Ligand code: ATP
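Okay, here we've got a single chain as structure tokens, the form predicted alone, with questions on binding and movement later.
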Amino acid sequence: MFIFDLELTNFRNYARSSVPLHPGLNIVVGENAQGKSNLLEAIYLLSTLRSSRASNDADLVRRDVLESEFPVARLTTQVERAAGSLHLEVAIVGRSTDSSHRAGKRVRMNSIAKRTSETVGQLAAVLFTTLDIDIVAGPPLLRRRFLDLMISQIDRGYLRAMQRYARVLQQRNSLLKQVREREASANDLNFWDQELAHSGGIILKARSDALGHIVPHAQLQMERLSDGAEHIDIVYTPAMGGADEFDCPIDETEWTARMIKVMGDRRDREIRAGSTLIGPHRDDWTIHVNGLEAGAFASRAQQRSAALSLRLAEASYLRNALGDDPVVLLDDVLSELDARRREAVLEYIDTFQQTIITTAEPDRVRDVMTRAAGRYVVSMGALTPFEGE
């Protein structure tokens, strides 16, 4: 899988730019705050329909047009895939002065309007950033997000289950507060318990399976990056009242049954809290390096290697699940690596059909520059061919 004819209009700091990307290795050079990360964010958004950085859609629309009557950013590209060619377009509508213009995203595939759930993963991508270390050392939310974005690209049922789960969770939490205030009966929770557990079972099963698939790949990559000196393990800790990696149900029905049972056992506690205390929205999974919990005990270098191993494992997971290569995106990552780790990463990603790398320090990756099929310079949201050696 690879993309070309990428066009960005009023996206972040890009007024209008066309990028003729190539199969193979592409490198984008530029100083900080010129648009390198924005470019990769745009590609990843075309894949997942979610920004890798923004908290709301309005942040993605160029500031010069944000206060206009119809503030909209557009991303379009042509995708070549094993499943066939695809023209993909995403329009991001910011807050509008016209009440008839609803904020949000509009998606078209081959000029036909589609739901977001139908579009996610049509272009598959893996994004490496310098912030990936937070997957290892940061809060559980970031680890859940890692899995959600990865699985959603191959399983639209999972994406629909997440959307349903979020809606039901909101309804159930509201009802728990009403029961606490004696404005509703505890028996009213039975229906919402069933609904939440049904969607939750799908999510829990998919997460457990996905981690089972990526662990061997992450272990292999960690050993490659460290010359065999470091070993990584991952332990899934679902928020299910004591379930651990040796106690994971094997199918959705068992996960659903467990959720219903635990919610019943903890009903009084949840009513007092006015909140749902168990389920996928509170999941976590921990990463261990050489037997020690990485977030607390691993060095910064070990955490970075663990994060890289997870991203490389994600690329393998998508490739195996799709039967096609995802587009690999590296945002200013190589300059942080020593020569040995950089070569190990490049050796693996060279096996993918298309890789796009950004850097603010081309001299540090001179060996990579010479191998690139496409080389560009970005300055103030404008891309031009790189003419240097």
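Remember, it's a predicted structure, so these values are computed and weren't measured experimentally. Numbering starts at 1 and follows the sequence shown.
Although not depicted, the form predicted in complex with adenosine-5'-triphosphate (ATP) is the subject of the following passage.
Point to revise | Arg50: touches adenosine-5'-triphosphate (ATP) in the predicted bound form, heavy atom cutoff 4.5 angstroms | key: Looking in the predicted bound form, residue contacts with adenosine-5'-triphosphate (ATP) do not include Arg50, since no heavy atom lies within 4.5 Å.
Exercise for review: Determine whether any heavy atom of Arg62 comes within 4.5 Å of a heavy atom of adenosine-5'-triphosphate (ATP) in the predicted bound form, and answer yes or no.
Suggested key: Arg62 belongs to the contact set for adenosine-5'-triphosphate (ATP).
Review point. Applying a 4.5 Å heavy atom distance criterion, does Gln34 contact adenosine-5'-triphosphate (ATP) in the predicted bound form?
Key: Yes.
Point to revise | 4.5 Å heavy atom contact, Arg12 and adenosine-5'-triphosphate (ATP) in the predicted bound form | key: Yes, Arg12 sits close enough to adenosine-5'-triphosphate (ATP) in the predicted bound form that at least one of its heavy atoms falls within 4.5 Å.
Practice item. Choose one stretch from 318-326, 348-356, 24-32, 335-343: the one whose residues place a heavy atom within 4.5 angstroms of adenosine-5'-triphosphate (ATP) in the predicted bound form. Key: Flagged stretch: 24-32.
**Study point:** in the predicted bound form: members of 172-211 within 4.5 Å of adenosine-5'-triphosphate (ATP), any heavy atom
**Key:** If the 4.5 Å heavy-atom criterion is applied to adenosine-5'-triphosphate (ATP) in the predicted bound form, 172-211 yields nothing.
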